[in-house]
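Only one chain comes next, encoded as structure tokens, the form predicted alone.
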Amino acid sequence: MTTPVIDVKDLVVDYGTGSKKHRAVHGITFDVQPGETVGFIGANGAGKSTTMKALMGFVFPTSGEVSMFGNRCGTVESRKRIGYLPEVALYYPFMKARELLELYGGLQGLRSAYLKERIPRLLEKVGLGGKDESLLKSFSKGMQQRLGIAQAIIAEPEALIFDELSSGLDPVGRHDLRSVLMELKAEGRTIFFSSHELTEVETLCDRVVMIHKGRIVTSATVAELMKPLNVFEIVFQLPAGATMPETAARFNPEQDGNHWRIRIENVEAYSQAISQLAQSGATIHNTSSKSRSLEEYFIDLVKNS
């Protein structure tokens, strides 16, 4: 079997001690396979940043295991192949963008000649072309976020961990960022990120892990999550004495006078129901469909958990 890039088993993280102890993460388990793009979503305080800090070795598990590329998190071996962007990235205001990237590149063992060639191209890629010699004190929050993404990918890591990926970015910035990530994804890099922008999750991710109050409430592919978000409704009338068709009967028909109403969350079952109703001689008065967003689904999920 392939070794997961990220492997989290029964992770528990507590802050504080004694009566002031707070459990931020309650025994979660998940993994991220090579080449996957996985979105880690949840409300503020759900445990996303704590989990990511445990992956980077910045906080230690109370119990459970976390590993990257088969190495215990926090070790040099586990960090060598990772690019990381924290939720809040603070940079020296009197450094230039070029200097900052030279610093991060040097820390990762990249040669000066390579950095001299790579940095201008990288800044162009993240939407900061021509800002090589600009002081960071002049950068907006969105520009600093773009620079943070550049430092995370400067050494072309195999895996990327982004905490609150699009924080501070305007719509244009988010669009540019998606293009960068789609390129990285096409190159086969593994990407694990948290974001409040669920549209990004729908667009970019192969799989989604949802966390609420330190517990995972669902983990599924985007296709599996999106499938039940399309709700089809059929209003029909059966001939006198006719039996309810099998497919329609499965979806709890509601009767209103002479009319029946069913709601179906599956396009294949919807087609079957229409076909069987027509064969039974039913009169179909109305059909409609409604799509829920991933955001609406998430809100409903956490309200009920």
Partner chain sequence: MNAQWLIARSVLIEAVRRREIYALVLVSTLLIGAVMTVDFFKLEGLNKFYREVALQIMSAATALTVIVLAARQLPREFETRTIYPLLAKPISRFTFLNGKLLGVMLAAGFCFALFMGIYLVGVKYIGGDIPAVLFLQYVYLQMLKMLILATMSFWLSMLMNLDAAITIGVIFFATASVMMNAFTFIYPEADPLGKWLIVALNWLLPQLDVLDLTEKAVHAGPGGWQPLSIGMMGMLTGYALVYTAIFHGLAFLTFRRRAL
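Residue numbers count along the first chain shown, from 1. Because the structure is predicted, anything quoted here is derived from the model rather than measured.
If you look for the form predicted in complex with its partner chain, you will not find it shown, but the lines that follow are about it.
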Query raised in the report: Is K53 one of the residues lying within 4.5 Å of its partner chain in the model of the complex, judged by heavy atom distances?
Result: yes
Report task. Find out whether any non-hydrogen atom of V59 is located within 4.5 angstroms of its partner chain in the model of the complex, and reply yes or no. Result -> yes
For this session: Report yes if any heavy atom of G130 sits within 4.5 Å of a heavy atom of its partner chain in the model of the complex; otherwise report no.
Result: no
Discussion item. T199 versus its partner chain, in the model of the complex: is there a non-hydrogen atom within 4.5 Å?
Written reply: no
Within 4.5 Å of its partner chain in the model of the complex by heavy atoms, the stretch out of 215-223, 201-209, 179-187, 101-109 is 101-109
Checklist entry - Taking F232, A242 and K290 as the candidate spot, are all three within 4.5 angstroms of its partner chain in the model of the complex by heavy atoms? => result no
Among R118, K80, R174, K125, just one has a heavy atom within 4.5 Å of its partner chain in the model of the complex, namely K80
